[in-house]
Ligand SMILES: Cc1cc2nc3c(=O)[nH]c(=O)nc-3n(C[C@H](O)[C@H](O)[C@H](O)COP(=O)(O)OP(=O)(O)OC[C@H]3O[C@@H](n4cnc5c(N)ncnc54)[C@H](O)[C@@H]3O)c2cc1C
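Presented below, as structure tokens, is a lone chain in the form predicted alone.
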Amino acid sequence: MSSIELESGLSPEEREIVSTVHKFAEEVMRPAGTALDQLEDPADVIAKDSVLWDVFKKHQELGLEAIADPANGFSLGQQARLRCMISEEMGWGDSGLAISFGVTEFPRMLATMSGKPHLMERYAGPQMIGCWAITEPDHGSDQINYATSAEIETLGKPNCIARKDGDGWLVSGQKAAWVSNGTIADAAALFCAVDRGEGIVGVGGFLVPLDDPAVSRGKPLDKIGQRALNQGEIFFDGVRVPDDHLVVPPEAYAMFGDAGLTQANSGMGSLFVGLAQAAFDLALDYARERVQGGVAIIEHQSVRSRLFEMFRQVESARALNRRVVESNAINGPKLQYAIASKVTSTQTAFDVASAALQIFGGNGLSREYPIEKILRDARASMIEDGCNDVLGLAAAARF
């Protein structure tokens, strides 16, 4: 991945950060992601002796959260650009692990947003693994609009409800098998229906520790792609949560939902630009090595044409994502643009990975070559964090 060569105005410090992350993606993430993908039982991915834990430790040692520290002097625009480039590198390394790193930040983000020192101290530790517990068995894409009691009545009974109980809350119900880091997380940024005693009034965002005996987990989800990414159900059986752990009350959910979805979608846009870049890089290397008709296949016009089209798609997706992320950081969130980036990048990742597999020919179908894994990983991205079709309708409603 050599796109850094085209970056203008990067300081030596910024270049060093991106180079360090690229080395981590190449030497740690990619081999670990490949090894974890090949495990038949997803329970083995999170076993005590799994390489996953070493990857988490090395990721924590990078200290990337320091980019947002005002003491480091990065402007909002610089921070946004660095986030894009870091996410691209992570997606280039392994998209499943990159998503796992991303969602682990949600409890920390919620705690920071609360402004309460005791919550920040409890939930902002660098070694804490977090999750974003929002999706439910009966409410996947519905969660995009699941903000008011009227909509809840229309969409059906929630699967998870927080009910007011004295000076706190009791959380009961289930979150779906698609919760990333669901069976390994120490804490959750939980978004669920809220009942203050007179019926459900909307959705709220809670910080919930997951070491409570009233919390249980399902089996790790077995899926075709992003197998290094742990996902699984979380069950709450009357989990008591202090009152101040409600960070996003129902009255603020619509605004936070917009901001949160904007951040998640633009982050997915960056990450899958990286995966698309990985697919292109693999195809280019293979085209230079594979000989047919007496020459390397890159000498054939049809292959050159296909490679250029892949290159064009990757750079177009990158340009859109960079513009969206930097604008959202400086001018405030605009969800429709973030969705456009997520949909564009994930579709590009799938299309480029498919074209790359075609360049590999029969070898591309073999698990001995990495491109079939990348194609599987890319396909998952078109559904996760909001199905692309449904997200497109949500974006169009903002026009």
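Throughout, we count residues from 1 along the sequence that is shown. Just so it is clear, the model here is predicted, and its values are computed rather than measured.
Just so it is clear, the following notes concern the form predicted together with the named molecule, a form of the same protein that is not shown.
- Only one of the listed residues (Leu271, Ala279, Ala133, Ala162) places a non-hydrogen atom within 4.5 angstroms of the named molecule in the model of the complex, and that residue is Ala133.
- Among the residues Ser87, Ser100, Gln226, Asn265, the one placing a heavy atom within 4.5 Å of the named molecule in the model of the complex is Gln226.
- Only one listed stretch (73 to 81, 119 to 127, 321 to 329, 177 to 185) carries heavy atoms within 4.5 Å of the named molecule in the model of the complex, and that stretch is 177 to 185.
- Within 4.5 Å of some heavy atom of the named molecule in the model of the complex lies at least one heavy atom of Asp389.
- When contacts are judged by a 4.5 Å heavy atom cut-off, Leu10 does not count as touching the named molecule in the model of the complex.
- Taking non-hydrogen atoms only, Gly168 never approaches the named molecule to within 4.5 angstroms in the model of the complex.
- Looking at Gly218, you'd find every heavy atom of it more than 4.5 angstroms from the named molecule in the model of the complex.
- Applying a 4.5 Å heavy atom cutoff to the named molecule in the model of the complex picks out Ala380, Ile383, Glu384, Asp385, Gly386, Cys387, Asp389, Val390, Leu393 from 367 to 394, in order along the sequence.
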